[in-house]
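Look below for two forms of one protein chain, each set out as structure tokens: first structure 1, then structure 2.
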Structure 1
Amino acid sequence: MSVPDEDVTLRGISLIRAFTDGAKSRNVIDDVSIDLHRGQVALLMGPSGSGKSTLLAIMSGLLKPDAGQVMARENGRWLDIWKMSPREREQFRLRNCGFIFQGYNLFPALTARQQLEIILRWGDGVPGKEARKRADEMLGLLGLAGKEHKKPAQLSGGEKQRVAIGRALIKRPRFCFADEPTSALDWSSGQVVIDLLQKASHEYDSTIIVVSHDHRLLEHVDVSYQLEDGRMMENAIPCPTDTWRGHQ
């Protein structure tokens, strides 16, 4: 299915990133170009060491490429992420991006509810009562009702991962970057996560890219890409859920 160019919101152009091991250097990302679209969940797959997480970090403004560009569309304007100052890039991420990391990155002293509230209150200026309501709604969707007052040390690995996912989606980000978001979850919980990512993409027109080894996700995303040895092996492959709601 063809995709209108105006739906492209995030574009990687001829990206290269090399890592050095002793006297040897190799391109972990080797001349990769990729277009990502609003209203889609894109899945980036490939064997271990293929460069998936590195590409995710480059596209999200966390890791600078050695060559190439990352262009992001914000309010109709194209911005070159890696020509921004560090402060500008930080502000861009704060305004537009949600992140789901493998390591959770939760605040040890905050409860599950507070982990989400802080994003809304201090990031988006949402009043306290509304922030609490939205945080509790998200925790309920994630199957964490009754866990609102638990701190990370009191939660299982899967529960911590779900809190981290809720934190990434709570502000309805324009872009969401998810690194193995279902790796610590059983499949039923993983499907809840993917359903939430789909909701964010289709209802809020978010652009979502997911890195995963889990082939079961192929039936639950809109498009997939395959990386091997730092190179994009195939063009985007439409997946069963690629209905392009509102864009047909």
Structure 2
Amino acid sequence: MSVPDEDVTLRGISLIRAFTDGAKSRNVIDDVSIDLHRGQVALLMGPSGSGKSTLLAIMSGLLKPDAGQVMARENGRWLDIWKMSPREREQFRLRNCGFIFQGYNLFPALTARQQLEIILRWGDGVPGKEARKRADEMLGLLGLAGKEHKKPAQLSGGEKQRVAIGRALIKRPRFCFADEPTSALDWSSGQVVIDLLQKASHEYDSTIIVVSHDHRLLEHVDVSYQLEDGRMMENAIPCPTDTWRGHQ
């Protein structure tokens, strides 16, 4: 096993996960290793059913692999997240993980501000006033100033996804996992979303992993992986460096 370089913060090592459908069992994730770096957005691509969501779930501590390890670096220490107790893992996710999914999954009854507040108040017990301030700041960064009071039904798809991003990023997570965050959006909204993730990864020094079908995202991310039939095809394809990004 190679010694990971300084910037690696999340490692999947020889991961295997099988699902049984009917009588026979099939490796949906078949000996996958992956290193993710801080301050980078990684794109995970592959055909439908290739195991992308499954890999994301394993890496984020939601689905236990049959074999292999997921190592996460927190404050310079390496932790094996699948050796933790469920309670420890929940607390690890609370400290470190943000999630974005295709379907927005916003509470229909709550305003944009409340969707963000609830994470701070319920997660970290941040007092109401401060939570509100931080939520408004985050909404401002996402270009949603003035829409703090809007409920999901009053927001466009792109705006809703930006609120969902705000919810994932408000606690400045060390790791952020996004499953098809752009696939319900038109290309220009999708571009805004991926650029916001890109900016956040640099600003918060976060490790962000995005699952998508969309090849157009390739030039907006730092690195991409291709999964096919549960196997990693080519490892870590660094994407063409854009001049505007300047960080590598």
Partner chain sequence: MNYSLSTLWHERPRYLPGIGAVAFSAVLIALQCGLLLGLFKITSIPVDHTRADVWIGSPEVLSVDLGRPIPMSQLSRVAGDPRVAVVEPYYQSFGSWIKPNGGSELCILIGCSLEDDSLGSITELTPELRAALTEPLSVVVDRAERKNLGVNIGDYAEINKQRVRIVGETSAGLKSLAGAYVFCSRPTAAQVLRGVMPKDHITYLLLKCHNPADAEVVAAEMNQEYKDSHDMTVMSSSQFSTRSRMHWLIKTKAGIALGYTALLGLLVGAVVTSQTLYAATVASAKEFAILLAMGIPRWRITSMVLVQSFWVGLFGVLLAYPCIHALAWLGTLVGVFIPLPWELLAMSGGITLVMALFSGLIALRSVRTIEPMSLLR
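The model shown is predicted, which means the values in this text are computed figures rather than measured ones. Residue numbering: sequential along structure 1, first residue numbered 1. The term rigid core refers to the most C-alpha atoms you can superpose between the two forms while keeping them within 1.5 Å.
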Report task. Tell me which of the two, 1 or 2, is the form predicted alone. Result -> 1
Query - Co-assignment to one rigid part between structures 1 and 2, Ile170 and Asp124 - result: yes
**Report entry** Degrees turned by the smaller rigid body between structures 1 and 2, as judged from C-alpha superposition
**Finding:** 17
Report summary line: Shift in angstrom of the Leu144 C-alpha between structures 1 and 2, rigid core held fixed, comes out at 4.1
Query raised in the report: Supposing the core is put in the same place in both forms, how far has the CA of Phe107 shifted between structures 1 and 2, in Å?
Result: 2.7
